[in-house]
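Given as structure tokens, the chain that follows is alone and in the form predicted on its own.
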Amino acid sequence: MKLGKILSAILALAIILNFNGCSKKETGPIKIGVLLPLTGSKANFGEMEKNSFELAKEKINKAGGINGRQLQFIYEDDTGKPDVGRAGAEKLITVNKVPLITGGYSSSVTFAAAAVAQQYKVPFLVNTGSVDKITEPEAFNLTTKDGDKFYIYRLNPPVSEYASGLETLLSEVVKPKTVFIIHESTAFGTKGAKSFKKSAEKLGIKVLGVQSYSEGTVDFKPLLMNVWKKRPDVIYMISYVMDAAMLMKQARELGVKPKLFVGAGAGFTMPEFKANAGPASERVVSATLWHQTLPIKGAKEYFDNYIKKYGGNGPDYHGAEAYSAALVVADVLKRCNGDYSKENIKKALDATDMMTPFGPVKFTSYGKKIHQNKMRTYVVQWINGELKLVWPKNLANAKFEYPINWNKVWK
């Protein structure tokens, strides 16, 4: 009888403790979803970003993890295709039960996945997908006043702002009179071309033409010859890495020699661009969102640690975005104080205000956008096989080489 009373008392105490939130504390890893192109034509970008997520995770967990718990990333391969990305996001949410998704490389895939995250009301921290509408609630049938209902956040600038640093270089130094725009036909390329056309017109640069091409094109010579007939001062290209390399190799073969070749980030800053374009990569200029020599705490450390672990020539801005997104995820989770519900994570994202190796991160609203991090952009140039920061001048680690003697550079 006495034993029965003791057992009843223990059971009652357990029930009381459980109702008061004193149940057994969870100790397993905190699982966060990451959507990246790990196979397919954009796998080189996905590999760099996955490596960077893993590098950050090791640093976070070595320092004690998330309030004593380990951080774990669950990766879904979107293969660079919107329908696969959509399915991957749904799997992370409904099967893996993650309370937060990050990653998101190509714009079309990221937008498709963002629609799924919005539908399930799961926060999605985008770190690379750049088409403007990703952080525009109207694209998801909401209004800019619906911040409490909008679950999409973006660390990187939108594509319409990529050329902001480049604009000053063109207007102050190059001063071109004409430009021709070439772009791949995805959402990223199309929106980027439209935005740069407006920028050029604002600067008084005559746009001689805008020409798109399909992903997977291997023969750019007819396109390049049509462009060169117009003799533009600048050829502006929006391309992923293999297309970027092929465009420049074939431009060199044809003797296409404008005053300046300019890339819009994407493939033109990747180490694989130089490896595949060879001598044709020399003196090509590109907009960029980051460089390891910028006076940002942790930027050079991340770059050096990446090379130490993975080798190669080091990461570009895509890797820095992913690495910093992982640090933002850790900061957000730490501020959740053990409550990793979707709504609590969303509140923590709203309050984010931190410095990362990619730069400052604070989600703001302007124009049609909300939950958008606003950052400055820069200009790099391939000089003697190295990607150098050349603009703005006060931050540069190399002198911008212009005018360019293509006969000498291309030998």
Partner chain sequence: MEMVLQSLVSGLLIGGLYAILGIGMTLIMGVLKIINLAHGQILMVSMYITWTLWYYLGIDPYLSIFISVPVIFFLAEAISKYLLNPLIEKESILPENQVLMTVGIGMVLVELARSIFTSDYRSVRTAYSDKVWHLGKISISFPLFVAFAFSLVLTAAMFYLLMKTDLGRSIRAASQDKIAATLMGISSEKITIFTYGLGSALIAAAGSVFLPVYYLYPDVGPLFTIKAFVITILGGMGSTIGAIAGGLVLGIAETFGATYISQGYRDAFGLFIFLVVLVFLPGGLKRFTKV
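Numbering follows the first chain given and starts at 1. If you're wondering where the values come from, they're calculated on a predicted model, not measured in any experiment.
What comes next is about the form predicted in complex with its partner chain, which is not displayed.
Residues of just one listed stretch (109-117, 215-223, 296-304, 324-332) have heavy atoms within 4.5 Å of its partner chain in the model of the complex: 215-223. With the partner omitted from this view, the residue of L71, C336, A187, V241 that lies near its partner chain in the model of the complex is V241 [heavy atom within 4.5 Å].
The partner is absent here, but in the model of the complex a heavy atom of S41, alone among S41, T352, N344, T377, sits within 4.5 Å of its partner chain. Contact annotation for A277: at least one heavy atom lies within 4.5 Å of its partner chain in the model of the complex.
Though the partner is left out of this view, E272 does reach within 4.5 Å of its partner chain in the model of the complex, counting heavy atoms only. Interface membership of E90, defined by any non-hydrogen atom within 4.5 Å of its partner chain in the model of the complex, is ruled out. Taking the partner from elsewhere, E386 is found to have every heavy atom lying beyond 4.5 Å of its partner chain in the model of the complex.
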